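In structure tokens, the next block holds one chain alone, the form predicted alone.
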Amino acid sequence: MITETITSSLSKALEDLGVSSSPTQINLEQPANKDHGDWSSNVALATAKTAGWVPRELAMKIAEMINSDLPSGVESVSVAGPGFINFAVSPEWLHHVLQVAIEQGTTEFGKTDIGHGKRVNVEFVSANPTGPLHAGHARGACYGDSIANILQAVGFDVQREFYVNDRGLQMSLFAESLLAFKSGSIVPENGYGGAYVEEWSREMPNGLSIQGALDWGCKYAIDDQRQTLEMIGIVFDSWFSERSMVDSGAIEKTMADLENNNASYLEDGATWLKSSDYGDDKDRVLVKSDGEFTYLTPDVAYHRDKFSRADWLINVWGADHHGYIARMEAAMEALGHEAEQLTVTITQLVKLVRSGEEVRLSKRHGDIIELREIVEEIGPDATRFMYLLQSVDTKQTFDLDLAASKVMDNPVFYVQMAHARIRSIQNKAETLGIWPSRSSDADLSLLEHERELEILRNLFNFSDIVQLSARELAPHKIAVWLRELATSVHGFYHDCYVVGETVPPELTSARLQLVEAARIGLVSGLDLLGVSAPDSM
């Protein structure tokens, strides 16, 4: 990659100048002002003081050294401001990226093997099987599935997992609530009184016992949740039952492992985890004095089981689980796992608005906003794309009216329209018999218009963006890249004719290759987010 070439040239120049630097000090970013080139580094600012240099003078010397022997793909090196070193990529390199995109196609473009087949378990959603998925589950669902897509694209062996909490007090209350609605009696205290429970109870067979109602209700809820997730293209590899761990003795085995590792102790009739030895603020109870497991205990056993199937665990949890992270990390270290083997991402809350007003209640039931309702209102593509626009660690406002609209202010419509415009160009070329054609037959050196180069620069960045998104578990970076590429495509569509009497055939041929590469980029990026690329809008 060109970024590796640039980083290497900076490292060599610093070494030749006797300036000590660490890999973390050689950072590259894209300047907001395109006049400053394609990539910029502040390494002179980061290293000058300890090396006894004035930052701009060091930057000028580094630029001079690199310009004297330009690495492949770099057209020029310049200095801006107090000491930023800017790199301009050669058009030939950008043309090469076009050819790579077309050769690799939508199935391979942007993909790498930095994961080397490492097994990753991504656990997300994991809603209790006591009701339908609601708006609060949606962000984690879209995020978790997209993270899995991105990690697969860079070479990890990914398993998507849904943890089913099918035991405990809440399940018993759910079963009792179903039976109460079925018989017309009073719902138990702290039970489930939602309108959906009454609706579901009508489907439940008569004469079931508490256990029968629990089993039926659990299956009905899981089926409903599965169908809702499939509406937005999410399919899990595994639905892992908490009850199965009790039946298999996995919890007892986990307790034995903790005891053997001297990570637990007895006090006041209860069994405690020595979580404070591993960074938690206090020790946690695993087994209460009455012999009952705490909520933590089956979760620890579950993570122990996941580590038997994966090398790296990623948990996507809601905002209400923030205080739970330290105790789980402590438990995993107590079982002998490294801290970096467990990653927990917390998704912040999303505020839904319609007509400028916050939406809190369902039109269907009046008590919750079902994810199914959101998908039915705005469609699966808009649902996924809108939830992925921002980093999940920030609060988000989701405008349902905007998401459902067919206007360019709608982010998903804006990106999908870019793809539709490309397909309209290709359709016109197909009717004239000049498309499809081979990229080897086109003179790509004719692509020198700034609108053309903008598209190429965006395509050039895609592989780096995918890898960055994988490292940071940040699918919103793909969404940002897609919007930038779409902007370039829309600008090109308005300013550069592809097919017509005023366009020389040689330029038409080159531009047809360009729009095909842009199409591949849009499809590849959208696919990572689980969003379609329609041919018309």
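Here, rigid core means the biggest group of C-alpha atoms that superpose within 1.5 Å across both forms. Throughout, we count residues from 1 along the sequence that is shown. Since we're looking at a predicted model, the values are computed, not measured.
Keep in mind the form predicted in complex with the RNA is missing from the figure; the text below concerns it.
Arg471: touches the RNA in the predicted complex, heavy atom cutoff 4.5 angstroms: It does not: once the RNA is placed as it appears in the predicted complex, Arg471 has no heavy atom within 4.5 Å of it.
So in the predicted complex, is the RNA close enough to Ala442 to count as touching (4.5 Å, heavy atoms)? Contact with the RNA, no.
Using the partner position in the predicted complex, report whether Ile425 sits within 4.5 Å of the RNA, counting heavy atoms only. Looking in the predicted complex, residue contacts with the RNA include Ile425, since a heavy atom lies within 4.5 Å.
Taking heavy atoms only, is His303 within 4.5 angstroms of the RNA in the predicted complex? No, no contact at 4.5 Å.
Which is the contacting stretch out of 92-100, 201-209, 179-187, 314-322, given heavy atoms within 4.5 Å of the RNA in the predicted complex? Every other range fails; the passing one is 314-322.
Within 4.5 Å of the RNA in the predicted complex: all of Lys395, Val480 and Tyr493, by heavy atom? Yes, each of Lys395, Val480 and Tyr493 comes within 4.5 Å of the RNA in the predicted complex.
Partner-contacting position among Met60, Ile26, Ala51, Leu45 - heavy atom within 4.5 Å of the RNA in the predicted complex: Contact residue from the list: Leu45.
Position in contact with the RNA when the complex is considered in the predicted complex, options Ser437, Ser391, Ser172, Thr106, heavy atoms within 4.5 Å: So the residue touching the RNA in the predicted complex, by this definition, is Ser391.
Superposing on the rigid core, does the Cα of Asp35 end up 2 Å or more away between this form and the one not shown? It does shift by 2 Å or more.
Determine whether the C-alpha of Leu151 shifts by 2 Å or more between this form and the one not shown once the rigid core is superposed. Leu151: C-alpha displaced by less than 2 Å between this form and the one not shown.
What direction does the Phe87-Gln467 Cα distance move in the predicted complex compared with the shown chain, closer or farther, given a change of 3 Å or more? More distant in the predicted complex, by 3 Å or more.
Quick one: in the predicted complex, is the Cα gap between Glu189 and Ser289 smaller or bigger than here? Answer closer or farther; it shifts by 3 Å or more. Pair moves closer in the predicted complex.
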